[in-house]
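We begin with a single chain expressed as structure tokens, specifically the form predicted on its own.
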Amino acid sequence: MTTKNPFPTVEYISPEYFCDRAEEQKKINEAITNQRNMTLVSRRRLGKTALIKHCFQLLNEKEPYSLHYFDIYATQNLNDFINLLSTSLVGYFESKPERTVNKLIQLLGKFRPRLSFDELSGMPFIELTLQSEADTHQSLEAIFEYLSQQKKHIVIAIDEFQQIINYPEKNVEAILRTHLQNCPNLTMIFSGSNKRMITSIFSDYARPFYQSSSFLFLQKIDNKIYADFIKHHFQKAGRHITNKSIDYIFEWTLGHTYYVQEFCNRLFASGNTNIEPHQCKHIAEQIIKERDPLYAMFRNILTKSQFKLLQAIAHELAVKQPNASAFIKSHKLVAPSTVNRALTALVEKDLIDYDNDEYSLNDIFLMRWLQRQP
């Protein structure tokens, strides 16, 4: 029988394969239990989604909550948001498919809902036809009124919540805030990877969500705790990984959760029973080689000044002042004004992240690839 790879990279599996975050779990669970909204903020791929789903998994085992997770990163407008919301929520509390249909007609009939069922899960999929701003308001009002009528404590987690800022409709924040306030049995977990945008929604005095949520800023998992987790799973499978190998993994991935998981997933898949640093170096070579055709495209996608700046930051790992003369001279860049334009473009393209007063690459594997380029 094939042993399950204990280092998932795509989806949360179970508590057995989830590393630490005990303090964060405690804070999220406390917020939910006491019906306080919470905003979870971190860089991409640091484990926000897995943490939310892990907390939901544990809550499901203890209390009669109704737990829902949405990722709205792909939504383009309020209509997309409403369809995503209604697909999961409307009918969730009904015990039979025909009751779902009846409830759907009762709540949203005027918006001509189109209902279909997923062939695998049997869950309903809803698409509403919203033709005016009034339709949008009324459909949201109907959905949240439906939620307020439920007896369960409902928890909704919305990932990449800052996406609502990009919706073309006006007053989206005010509309959502109004409906959320009118649903007393609802607790919200907001989550976002753009620190500047997500924090501004809740900390800007002039905005509707001002001080409506507490904050939890997710950091990297402690290396000692992560190392013990890695050793445990290799040992459980009858394998051994040396301390120097784990040190190599943390150094090469900068201890960033997704990249540690990807690295360990490949090490485990290799089948080696005694992991030494030279095997880790081989995995690193594999990762870079596989991504070479993808990353090479950046030479054509980016301008010359953007690519050179991206490579310069990759060599430094993190930079506080990319337009400083010493940095520009060291990496043979052009003028500060050119660097500033390139930096703005790279941030907008989501290739560069600005956090803790430092600029760094969002993709650690891309960073390592760039370090090898001439």
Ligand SMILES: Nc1ncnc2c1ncn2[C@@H]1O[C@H](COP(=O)(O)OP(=O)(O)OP(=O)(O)O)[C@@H](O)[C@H]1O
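In case it trips you up, residue 1 is the first one in the sequence shown, and so on. If you're wondering where the values come from, they're calculated on a predicted model, not measured in any experiment.
Beyond the structure shown, there is the form predicted in complex with this ligand, which is absent from this document and is the topic of what follows.
- When this ligand is considered in the model of the complex, residue 359 lies well away from it, no heavy atom lying within 4.5 Å.
- Among residues of the shown chain, residue 352 is not one whose heavy atoms approach this ligand to within 4.5 Å in the model of the complex.
- The closest heavy atom approach of residue 28 to this ligand in the model of the complex falls outside 4.5 Å.
- The closest heavy atom approach of residue 311 to this ligand in the model of the complex falls outside 4.5 Å.
- 257 is the sole member of 257, 187, 75, 139 with a non-hydrogen atom lying within 4.5 angstroms of this ligand in the model of the complex.
- A heavy atom within 4.5 Å of this ligand in the model of the complex is found for one listed residue only; from 44, 68, 331, 341, this is 44.
- Every member of the trio 10, 18 and 48 reaches this ligand in the model of the complex with some non-hydrogen atom inside 4.5 Å.
- Of the candidate stretches 196 to 204, 258 to 266, 234 to 242, 79 to 87, only 258 to 266 has residues whose heavy atoms lie within 4.5 Å of this ligand in the model of the complex.
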